[in-house]
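As a starting point, one isolated chain is supplied in structure tokens, in the form predicted alone.
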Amino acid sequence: MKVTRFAPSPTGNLHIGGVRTALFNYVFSKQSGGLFLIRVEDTDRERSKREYEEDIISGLEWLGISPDKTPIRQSERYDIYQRAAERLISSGNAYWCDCSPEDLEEMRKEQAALGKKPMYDGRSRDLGLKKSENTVLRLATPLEGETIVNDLIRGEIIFSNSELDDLILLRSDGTPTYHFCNVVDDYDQGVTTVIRGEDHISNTPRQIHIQKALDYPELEYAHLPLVLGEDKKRLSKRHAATSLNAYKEMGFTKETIINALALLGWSTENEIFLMDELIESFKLQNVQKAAAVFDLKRFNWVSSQQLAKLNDEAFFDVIKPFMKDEGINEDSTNYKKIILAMRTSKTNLKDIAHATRPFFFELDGYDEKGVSKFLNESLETLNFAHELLSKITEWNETELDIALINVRDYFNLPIPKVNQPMRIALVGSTVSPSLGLTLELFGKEKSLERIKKAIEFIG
């Protein structure tokens, strides 16, 4: 049984890259019938906020990535870290250091001048110093040999111990550092497998040293490729939205988000899947080593495929909040017919809901490109179509399609030269369901009214 954890710092809203890390941890643990845990790393007292913690946990639960135990907070576990520190001191694996910031700066300058790697030289290791308000606790790192990480994604990674200095475990005020908390918590929570971003690779040998000093069991490690923008730089707001909330607000379903993020750095034959299918087919060893490039176009494609899998009632349920945001209620005329007619017009729920507005509200203008390309040269066509449509008594899609064919035949025009000006007149753009259905949904009176207004606009 595998036990994994997601350990966010609550210094901001849940990042989309963090969601992917949590997702892979969750899926990997569930494949073995194991546990997925959440640990809130909130030791940064100035930047950590409870509202960010709540955002992270509620966001994951919305996606279905719920922890199997109540999340823990590092800020509430200082007594546990102190006991672990005492073990290290009594075993001789840690020592007190009183080097001042000025001493350390001078040390680095001297090393740099000699062409050496700037690092703590261990000068306090054998002095037998006692704890004071000026001392920090350092780990007595092995001076020789190698630390080997058998990464489940990257294979064997070797670190020379001589390149790693004596890490600080407790600051002078007694607060524990990131690496120390991380190791103690993983042991205390029973974690077996650490799955995290590749930016943590350099942290791993240091944490293994602490594990060995505390006589903790070895863990499995897997380091995921970073998520980059299309310019191959780390994903940021200049590339796309970065928070989970933003994708929820854009109208992407939780199934879409899970599906799209799983494909960042991992591939499978069936590119459209649900959580249960992901758990069944996911293989950590198949995660790529190279960075994963975030592509919003692919995100939208996955969304369109996931929405297409929903039956009508399920689609009504997921789009309902977005229709309300547009001020459109379920009792509006032709509400369900219009939604179904427009469900493939866009790739996310927010855009689909917005695209239905012309059916429920007056137009606030026409698309400029559509006007230039189609509408301005269609005065005669629209006049004739208006006259022909006004004579139709059976206002249904079949009769309307026949009338449109007659308009095209009369002027000997291709379909776009008739249909696109009509669409612009009706919905303000060239995006709508089939034109016969669009006319039927508007009804005769409203259709003729909008065509007349377009004629007046051209004139």
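Treat the numbers as computed from the prediction; the structure is a model and nothing was measured. Numbering starts at 1 and follows the sequence shown.
What comes next is about the form predicted together with a small molecule, which is not displayed.
This chain is drawn without the small molecule; in the model of the complex, the residue among K254, R343, R196, R206 with a heavy atom within 4.5 Å of it is R196. Though the small molecule is absent from this view, in the model of the complex it lies within 4.5 Å of a heavy atom of just one residue from Y216, Y178, F360, F384, which is Y178. Heavy atoms within 4.5 Å of the small molecule in the model of the complex map, among the stretches 283 to 291, 123 to 131, 178 to 186, 91 to 99, onto 178 to 186 alone. Contact check for K350: no non-hydrogen atom falls within 4.5 Å of the small molecule in the model of the complex. Residue contact with the small molecule in the model of the complex: H200 places a heavy atom within 4.5 Å of it. Though the partner is left out of this view, E41 does reach within 4.5 Å of the small molecule in the model of the complex, counting heavy atoms only. For N13, no non-hydrogen atom is located within 4.5 Å of the small molecule in the model of the complex, even though that partner is not displayed.
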